[in-house]
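To begin, one chain is listed below as structure tokens, in the form predicted on its own.
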Amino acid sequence: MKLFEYQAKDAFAERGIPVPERRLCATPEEVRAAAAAIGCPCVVKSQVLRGGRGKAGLVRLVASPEEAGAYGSELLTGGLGAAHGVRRVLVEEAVDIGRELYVSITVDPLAATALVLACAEGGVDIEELARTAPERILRERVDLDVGLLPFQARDLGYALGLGPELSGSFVTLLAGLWRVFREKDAELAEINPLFVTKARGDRPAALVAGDGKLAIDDNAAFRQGGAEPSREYFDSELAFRAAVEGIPYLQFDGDVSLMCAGAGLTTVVYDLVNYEGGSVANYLEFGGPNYKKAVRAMELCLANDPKVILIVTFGTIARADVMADGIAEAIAKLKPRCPIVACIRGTGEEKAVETLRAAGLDPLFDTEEAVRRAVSLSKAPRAEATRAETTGGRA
């Protein structure tokens, strides 16, 4: 589960990582008051779970409390904020920036270690840098049992060009980030940008976490003490409704709605849809503990108004006959207007075939054939697809 910037910075501050003075606001009036209290210029930052906020106009340096309040109104009650689902903003002191660095800790599943990534060029274009010049990103693997060792952090600090004084600060900061990573059961703990402030008079340069990302392993949510995610954690209303049901769901913008069992099979089906020239409307996990939730699953898929629903499963624990019973029940209750293509294999397959045929479907046994039929139906005019459905093309 991804956390918002303000939550990541709270975790950073609790573990000794320097962060700017900040206040979380939910109304334009609170934004104006926060800017007055912190002092201007300050930064008003939308709290959304997406990258590229600056390029999307969701972050702004403001020169006065009045400007902060006006921009807060645009984000919290205006069209810009509504378009991006902004519900809260963070008002933060402006930092006197000398340099921007990048540092993060994530998991290297292949090596079964943690992986520290650092770069002397942080900021909004770090993804492009990773693509075009990956050699400029420093990598340090850390044994999960041993933990981050001081010499590893010190080596990275010097490699980033921080020098003796700031390298010491970097060792302390990275130790704090390691604690965040381990104590929060994180899949990713990232500071980007990590500001190096300008030295001014008797005030030396310092390190400050300018932005933060924190992604927690869903399997550890029970011991992190967090409540159920609210709507603001999800990009779409359907994704939120699926999460409430405990159903993994990804929203896209195509024509073929996928109900599949298992991430591996889904990835194959997704690729096949694209190879056939189709596009995916959504992915919904119909396997695992969800194979008895056919009615709710199909209801979520139909909410996308897809041109076709493609159901592909291969189950041993998630039984094919139980899935087929659920699909038949869903069709009877929901009366979908779009074609349905079903390829359900696995335990109880013979009974599943009988059930699907009784529900008016034509059970398929080859995934590629099912994808081809679904894509073909998605490209046909809706009236033609509906006629095909009534003559056996429901698949």
Partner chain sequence: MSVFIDRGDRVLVQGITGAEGSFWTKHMIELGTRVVVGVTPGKEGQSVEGVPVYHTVRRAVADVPADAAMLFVPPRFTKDAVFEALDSGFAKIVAVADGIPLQDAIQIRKAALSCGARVVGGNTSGVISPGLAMMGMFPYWIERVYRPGRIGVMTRSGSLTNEVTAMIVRAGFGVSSLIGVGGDPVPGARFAEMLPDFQSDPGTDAVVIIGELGGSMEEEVAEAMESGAFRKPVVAFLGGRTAPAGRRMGHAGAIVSGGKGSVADKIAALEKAGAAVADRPRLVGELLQRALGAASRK
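Please read all numbers here as calculations on a predicted model, not as lab measurements. Numbering follows the first chain given and starts at 1. Each form is matched to the other, and the largest set of C-alpha atoms that superpose within 1.5 Å is called the rigid core.
As for the form predicted in complex with its partner chain, it is not shown, yet the points below apply to it.
A.B. asks: Going by a heavy atom distance of 4.5 Å, is Arg154 a contact of its partner chain in the predicted complex?
C.D. replies: Heavy-atom contact with its partner chain at 4.5 Å: present for Arg154.
A.B. asks: So, Asn274 and its partner chain: in the predicted complex, are they within 4.5 Å at any heavy atom pair?
C.D. replies: Close contact exists here: in the predicted complex, Asn274 approaches its partner chain to within 4.5 Å, heavy atoms only.
A.B. asks: Could you tell me if Gly79 has a non-hydrogen atom within 4.5 Å of its partner chain in the predicted complex?
C.D. replies: Heavy-atom contact with its partner chain at 4.5 Å: absent for Gly79.
A.B. asks: Please run the contact check for Phe314 against its partner chain in the predicted complex: heavy atoms, 4.5 angstroms, yes or no?
C.D. replies: Contact check for Phe314: yes, within 4.5 Å of its partner chain in the predicted complex.
A.B. asks: Quick one: Arg131, Asn219 and Leu250 and its partner chain in the predicted complex, is every residue within 4.5 Å by at least one heavy atom?
C.D. replies: The answer is yes: all three residues contact the partner (heavy atom, 4.5 Å cut-off).
A.B. asks: So which stretch, 206-214, 69-77, 95-103, 109-117, is the one near its partner chain in the predicted complex (non-hydrogen atoms, 4.5 Å)?
C.D. replies: Going through the listed ranges, the match is 109-117.
A.B. asks: Among Glu368, Glu30, Asp362, Glu329, which has at least one heavy atom within 4.5 Å of its partner chain in the predicted complex?
C.D. replies: If I apply the 4.5 Å criterion carefully, the residue I get is Glu368.
A.B. asks: Please pick, from Arg182, His84, Arg231, Arg296, the one residue with any non-hydrogen atom lying within 4.5 angstroms of its partner chain in the predicted complex.
C.D. replies: Going through each option in turn, the one that passes is Arg182.
A.B. asks: If you look in the predicted complex, which residues in 341-365 sit within 4.5 Å of its partner chain (heavy atoms)?
C.D. replies: Contacts from 341-365: Arg345, Gly346, Thr347, Glu349, Phe365.
A.B. asks: Taking the rigid core as the frame, does Gln47 move its C-alpha by 2 Å or more between this form and the one not shown?
C.D. replies: For Gln47, whose C-alpha is compared between this form and the one not shown after core superposition, the shift is less than 2 Å.
A.B. asks: Once the core is aligned, does Ala281 move its Cα by at least 2 Å between this form and the one not shown?
C.D. replies: Yes, the C-alpha position differs by at least 2 Å between this form and the one not shown.
A.B. asks: Once the core is aligned, does Ile17 move its Cα by at least 2 Å between this form and the one not shown?
C.D. replies: It does not, since the Ile17 C-alpha is displaced less than 2 Å between this form and the one not shown after the core fit.
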